[in-house]
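Just the one chain here, laid out as structure tokens, in the form predicted alone.
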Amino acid sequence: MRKPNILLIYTGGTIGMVKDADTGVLKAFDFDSLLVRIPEIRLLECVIETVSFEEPIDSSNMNPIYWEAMAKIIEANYEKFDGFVVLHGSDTMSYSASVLSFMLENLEKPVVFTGSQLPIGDLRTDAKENLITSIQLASLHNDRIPVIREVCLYFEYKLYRGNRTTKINAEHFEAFDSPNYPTLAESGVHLKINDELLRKEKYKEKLIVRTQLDTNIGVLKLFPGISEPLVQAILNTKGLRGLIIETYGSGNATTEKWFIDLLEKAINRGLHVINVTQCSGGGVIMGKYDTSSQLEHIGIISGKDITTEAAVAKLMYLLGYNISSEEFQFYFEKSLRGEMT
């Protein structure tokens, strides 16, 4: 029986770092010596190949150029490999997993993002378990059909839908959470796959990679006492095409006339404004309270229970299409990759 072929894509981040024996400084891991560092990988029932960014980056420097590079690597190797594991810094991993979920249209193979809080050479590292289980999950097949066929994120014994995740802790090994969607799988003595939660779409067309992302967007987090000049300055930003507003609770905002008037004028001149909750769980319900009904009335788009990270990704993705305002709202409020309920 043929073993699955898995491609490891190293972009940078803590997981690929080892301490220099002489200086103690962290440096990028040489993935050619992967089997030497993690001999347990030999026990996995798959064939593993690796590819690395020419210059691995800290994930704080992540941007659309690198997202395109990741997507192009997957596109170029899509027919040859059965699954992909992307090694990535944890700080912006949720953004990257969200963006790739939109860029990779008609995806029918696993793309699993993972990383670690401690370097792979550290005595107490979480990198080995995260890497080994991610490869194992990407290798799962039933009758030669991949069990997982979407972009996911694996961290500390849990597999999440990538575009549902957010980083919640900078120190604990349990660094991520998926507040509005259950885990896709859990790793313990056995791998428990929550099959009913997985995406099972079958596409007639082959993989399409969409690299046209528009980064002319902004994120505005509301706070009590927010000033008119600040909001005005953001809305008047040159070239701004989309704005995500992080509102209170179930999508509520101040009803001050100046605030509503500024937003209405911006929307009338073509700005797409998305309403996303500041809360870690739950979502926006436009019109539930008077403090959100005015937002609905002036044409603000409901982000429902989408995360800010996925909203950023979806906004960049949809702005890459030349579609009308009505189509834009329809597609943003519609679940395209399982990113909202």
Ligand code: ASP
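Model, not experiment: these values are computed from the prediction. All residue numbers are counted from 1 along the displayed sequence.
Beyond the structure shown, there is the form predicted in complex with the named molecule, which is absent from this document and is the topic of what follows.
Please identify the residue among 91, 174, 75, 214 with any heavy atom within 4.5 Å of the named molecule in the predicted complex. The option sitting close enough to the partner is 91.
Selected contact from 165, 134, 116, 101, since only one has a non-hydrogen atom within 4.5 angstroms of the named molecule in the predicted complex: Result of the distance check: 116.
Within 4.5 Å, heavy atoms only, one stretch in 202-210, 186-194, 139-147, 82-90 touches the named molecule in the predicted complex. Which? Among the candidates, contact is made by 82-90.
Check whether residue 59 has any heavy atom within 4.5 Å of a heavy atom of the named molecule in the predicted complex, and answer yes or no. Contact check for residue 59: yes, within 4.5 Å of the named molecule in the predicted complex.
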